[in-house]
Each structure stands twice: as structure tokens, then as C-alpha cells.
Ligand SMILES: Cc1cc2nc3c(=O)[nH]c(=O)nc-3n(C[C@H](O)[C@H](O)[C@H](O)COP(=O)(O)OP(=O)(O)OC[C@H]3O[C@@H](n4cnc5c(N)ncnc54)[C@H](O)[C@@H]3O)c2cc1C
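Take a look at this single chain in C-alpha cells; it is the form predicted on its own.
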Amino acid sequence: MQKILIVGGGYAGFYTALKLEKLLRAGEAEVTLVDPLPYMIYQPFLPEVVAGSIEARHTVVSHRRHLKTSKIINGKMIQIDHANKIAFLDVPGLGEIKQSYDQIVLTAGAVSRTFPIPGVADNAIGLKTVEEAIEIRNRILGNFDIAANMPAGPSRDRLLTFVVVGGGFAGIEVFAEMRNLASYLIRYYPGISFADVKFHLIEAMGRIMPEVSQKTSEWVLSDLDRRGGKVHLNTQLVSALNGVLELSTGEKFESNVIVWTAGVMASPFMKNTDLPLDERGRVPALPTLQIAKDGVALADAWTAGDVSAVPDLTGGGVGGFCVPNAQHAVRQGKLLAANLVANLRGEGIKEYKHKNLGAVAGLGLYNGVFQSGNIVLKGVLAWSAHRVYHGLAIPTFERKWRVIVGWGSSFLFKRDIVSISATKDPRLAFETWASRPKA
């Protein structure tokens, strides 16, 4: 029986395993999925987690609940020796173990791409995980609670100043949702006015949202400006030491909520393998999703998703490759599973070709933007399209139902404005009052 090892349980890895379970015959192959996390994160919902429009746990899909026959290992991959078909894992409770395989599927995903800017590593927070989204939300709500008790001044201004670095889709969505949340919170804090709360978005390029037309991106800019969000174009972050942000334009202000969304890069773990990588650290692939070495398929090795460089046969990709987004990762995962099974059975395999369906972004409650070709929607219509698309796209009926019911609850009872920051130190209350033996 063939042993199939899937490295990474994000979009591509999860859908590969899910499809393999449907296609494989009994006893044909054993599927093992390795990921440090026990769930797949539906990342397009993270900005709404920040805003409190979606319950955080509803944005993740449990591996064990929805993968019925695959073996799940919650561990960290250390090294892959494909020449000998052995993977080395660090598994909690077991330490380092070896895992042999016959076929390997690399879907290790991507991490936030940062630059050596002073203070960023120490003060900024990304938006790749649900834990990061929860922390951003808790910081915003916590800052409002503290600022409400303080007199006007620099310390209060710092608490009520929020910064996002990166003007791509993720950056614009979280920026708009944060602004929308802050505007909503003001009604519960009589001492804080709209003018007291400052929002800055820093983008190094001369425009935002390169996935849409220039005209559409300019509409988004004017919409953000109307809502009090200041966007700094052609501007670089020079320093964020101690929460003091210095821009290339000479501007300076302070904040303790700095969200970094300025790009992603393939998982750095790939350097710990003997598999080929391109100049950007991605795994080169053929259109069939087989790993390519010098343009030739590497035996028994497959890849998909953000970690890979898959040629875009539609001609619409950046640099000739599929862009790293969920749209491609989901479809690649499904085709990869079908090709892997066909290859095991000596049948023909297919090439990946998918034309981008368009781009849709939520810009806070009842506001959004959508573009597909020359078709552009704005405002409530685009926001509705955003919710319909992502409500249908999140995997499994169970997750769809929970998200949609959550949206309905928020509409009826308004958004929740409670933060549970005590999760950082959950034993503090118990420890403080616990009786101890006398010395």
C-alpha cells in the first residue's frame, strides 16, 4: 500500500487530503497529513474576526473532524530527505521521529514576508493566523478601555492610533474593518470622539489593491478617506522602534497596534529539504503540479498552494505564475489529488488551468468592492457578493452554517465588543488568591 505524506494542512493540503479520501480505493494508499495546527484557517475571514463580525473558532476547519480516514500528525516538520523518502518530524510528546513515504505532497503554505526594519519584529503583528486576528481585536478593545480613563495627551493619542502596513487586499480589508469597528465603539465611550481615533495605512507603491483596476482602487481610497482613514502612498516604514513610527516622508507618530500585511513568502522550512527551490524560495512545479527539477518532473513529488511556483496557463499570473491566493490553492489541491491517484493507477494526468474569477473585498459592514473583468460593484452590493462568495467557499456544510448563523446573530443583536485578553495569562486570577503552604 502506497504511503502518501502531505506536508501542511492549509487550503491546498486540506483539499488534497479530502479529495484523496474520495478517490482512493480501500487499501490503495495510506494518507498522512502533517501540520503543527489541528485545523485549516480560512484566511479571508480574518479581517471580520478582527471586527467581531465572525466568531474566531468558526473560521477554522478541524482536520480530525472532516478528514475521516487520513492519519493526522500534529507536529513540526524538521527536514525532508526525498532521496531516501524519509521525513523528520518534531512531535509533542514524542520528540523527533522519522516518517517514511512513497509519495510526498508539499503544501506548506506561506508566512508573512518582512524586512529588517528596526522595531517591526518586536512591535508589529501579522494577519496570517486566527490567533493574530484575535490579538489585534483584543488590543483595539483594550486600548479603548484604557484611553477612556485618560486625559488628552500623547499617551492617549498613542492608544487611539492604529497602523496597517501594506496596501494589498489583506491590508485594505483589515484596515477598513478596524476603522469600522472603531467607529462603532465610539458610541460606548462618551469621552472618545471620532476625531480622537487615527488610522494610518502605509503602502510603498503608488497605488493600493493591484488586483483591481486603477479606477476601482481610487474609489476605495476616496471611501477610506471619507471614513477618516489616512493612506500614505509611495511611503516606506523606516522605523517602528518602541512603537514610534518613522516614515520615509519624515512623518512620525506613535502606536502600539501595528498590523503587518506587506506580502507573504513561501514557508522557510523548504530550505531544510533536498528538493529544488527557485530564487524566491518556492517549489518549482509543472502545470501537472508535479515538482519540477530542471524542467522535468521529479519522481513521486507533488506541490500546490502558496509554497509552490505553478505556471499560470491562462496568462494572467504575475511573472507567469499563479498568485498565492485561496482561489488557486483550493483548485490545485483537488487536481493534485486526482493527478496523484491517476498516476498511481498508470492513467493520464491533467494540467492546472484556472482563470481568475475576480476579486472581492469587504470594507466593513455593508460596504465592499468587487471586480471581475469590466464588471465593478461597490458598496452594499459588493459587500453582499463578498459574504455570499466566502460563505459558500469556506469548506464543509458545518462551517458554512456556523458562519451564516453568526452573521444573522450579529445583525439581530449587533456586534460583540468584549475582549477576553485574560487568555494570555489564564492562571493569574487563580494564582493571585491561591493558598500556599506556610514557610
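Residue numbers run from 1 along the displayed sequence. Owing to the predicted nature of the structure, the values given are computational and were not obtained by experimental measurement.
The form predicted together with the named molecule is left out here; the points below concern that form.
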{"item": "Contact check for 12, 76 and 173 against the named molecule in the model of the complex, heavy atom at 4.5 Å", "value": "yes"}
{"item": "Contact assignment for the named molecule in the model of the complex, among 273, 327, 103, 290, heavy atom within 4.5 Å", "value": "327"}
{"item": "Contact residue in the model of the complex, from 82, 128, 334, 200 (heavy atom within 4.5 Å of the named molecule)", "value": "128"}
{"item": "Exercise: residue 7 in contact with the named molecule in the model of the complex, heavy atom 4.5 Å", "value": "yes"}
{"item": "Residue 109: touches the named molecule in the model of the complex, heavy atom cutoff 4.5 angstroms", "value": "yes"}
{"item": "4.5 angstroms heavy atom contact with the named molecule in the model of the complex for residue 395", "value": "no"}
{"item": "Contact of residue 267 with the named molecule in the model of the complex (heavy atom, 4.5 Å)", "value": "yes"}
{"item": "Region of this chain that lies against the named molecule in the model of the complex, out of 30 to 38, 367 to 375, 54 to 62, 401 to 409 [heavy atom, 4.5 Å]", "value": "30 to 38"}
{"item": "Neighbours of the named molecule in the model of the complex among 384 to 420 [non-hydrogen atom within 4.5 angstroms]", "value": "390"}
